[in-house]
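For reference, the chain that follows is the form predicted alone, supplied as structure tokens.
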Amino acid sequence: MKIKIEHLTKRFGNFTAVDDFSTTFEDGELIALLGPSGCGKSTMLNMLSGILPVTEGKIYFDDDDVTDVSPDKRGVGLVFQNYALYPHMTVLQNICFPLEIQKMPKEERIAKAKEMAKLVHVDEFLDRKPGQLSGGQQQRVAIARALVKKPRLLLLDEPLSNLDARLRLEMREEIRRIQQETGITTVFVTHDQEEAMSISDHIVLMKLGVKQQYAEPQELYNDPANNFVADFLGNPPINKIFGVAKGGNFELEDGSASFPFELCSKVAEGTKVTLGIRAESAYPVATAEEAAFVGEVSSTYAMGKEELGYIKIGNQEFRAYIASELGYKKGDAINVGFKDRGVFLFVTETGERVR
């Protein structure tokens, strides 16, 4: 099912949690709503589910306007952060419960629940209560309960945040497997960029209720719309060097260094700009003539075959991966080149990317 969102806004008094949000989620995709705490992603999910009323705008499921449709009539499956399983019921009873509400005959609902339990790999635990299960097993039961009623849309609200690191990794792979096997359109709320990057078809990155960019994971990383997107994605975080555009050069804020940078000619003279450099996009070159600029190695950290080097330019510093066999030491001069991908220029005041 395709989800179309038009100019969606949610206000709580004078506070705007989601601001004029428009996008389309394609049928059968897994979409991550990603962003820092308080960016509006859970509010978006709750408006999609019908739990929260919309202040302005429209929500369409395919061609159906569901903006004012109650949650029970939207055909949505919702999985919460805390699983919300019924502790006095067995796994089988928990999964059966939505079908019981629909007054499905007992034999039929048990058969459907067992089929769903098998899909999510909890069919061995049907007689256990939630308290007898691990966090990952409880999460699987919650997903099975959401899916058993064949929803048009599956919504997952921070479903992995209560799990330890190993279980998180396992469960995110399982969520992707289940989503692909069922083909159900799924919206997944997370603040974890690695989680979103690893399992999503598309990511919506939000900040303060506003959509910053909607794209495939790798496109967000390689072609960020603005400074916030570039900064939010990537580990280690993108390097930021602050300066001013002068005569087609990038000049550091204090004037301690300057070098030619073509994009600086595309903004007004004297504009404050930020150079964003991915750690893997700066590398040592043989001569100063080949280099974007000459820096100084301030420290290095061994990371197996490569070293993460801290390089000074003027009074600022950034990280770059350096092959350990090159043998750079603290205080060495280093000729730094830029790769075609992973180096961006932003207007400092607005965060807008210069292209």
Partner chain sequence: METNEKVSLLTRIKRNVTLGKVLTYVFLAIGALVMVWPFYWMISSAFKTQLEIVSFPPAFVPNSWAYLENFKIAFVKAPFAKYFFNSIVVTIACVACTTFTTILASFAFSRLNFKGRDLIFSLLLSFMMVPFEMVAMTNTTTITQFGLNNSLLGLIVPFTTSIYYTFILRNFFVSIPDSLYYSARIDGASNWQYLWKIMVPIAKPSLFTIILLNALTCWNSFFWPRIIITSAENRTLPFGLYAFMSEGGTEYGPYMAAATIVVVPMIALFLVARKYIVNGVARGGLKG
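What you see is a predicted model; the values in this text were computed from it and never measured. Numbering follows the first chain given and starts at 1.
Keep in mind that the form predicted in complex with the partner chain is not shown, yet the notes after this line are about it.
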query: Heavy atom to heavy atom, is Pro159 within 4.5 Å of the partner chain in the model of the complex?
result: no
query: According to a 4.5 angstroms non-hydrogen atom cut-off, is Leu85 in contact with the partner chain in the model of the complex?
result: yes
message: When the contact criterion is heavy atoms within 4.5 Å, does Glu181 count as touching the partner chain in the model of the complex?
response: no
- prompt: Would Val294 show up as a contact with the partner chain in the model of the complex if we use heavy atoms at 4.5 Å?
  reply: no
query: Want to guess which of 254 to 262, 92 to 100, 112 to 120, 276 to 284 is within 4.5 Å of the partner chain in the model of the complex, heavy atoms only?
result: 92 to 100
statement: Partner-free chain; cross-checking the partner chain in the model of the complex, the single residue of Leu133, Met104, Leu163, Leu169 with a heavy atom within 4.5 Å is Leu133
- prompt: Of these, Asp127, Asp72, Glu194, Glu269, which has a heavy atom no more than 4.5 Å from the partner chain in the model of the complex?
  reply: Asp72
field: Contacts with the partner chain in the model of the complex - residues in 15 to 54 whose heavy atoms fall within 4.5 Å
entry: Ser49, Ile51
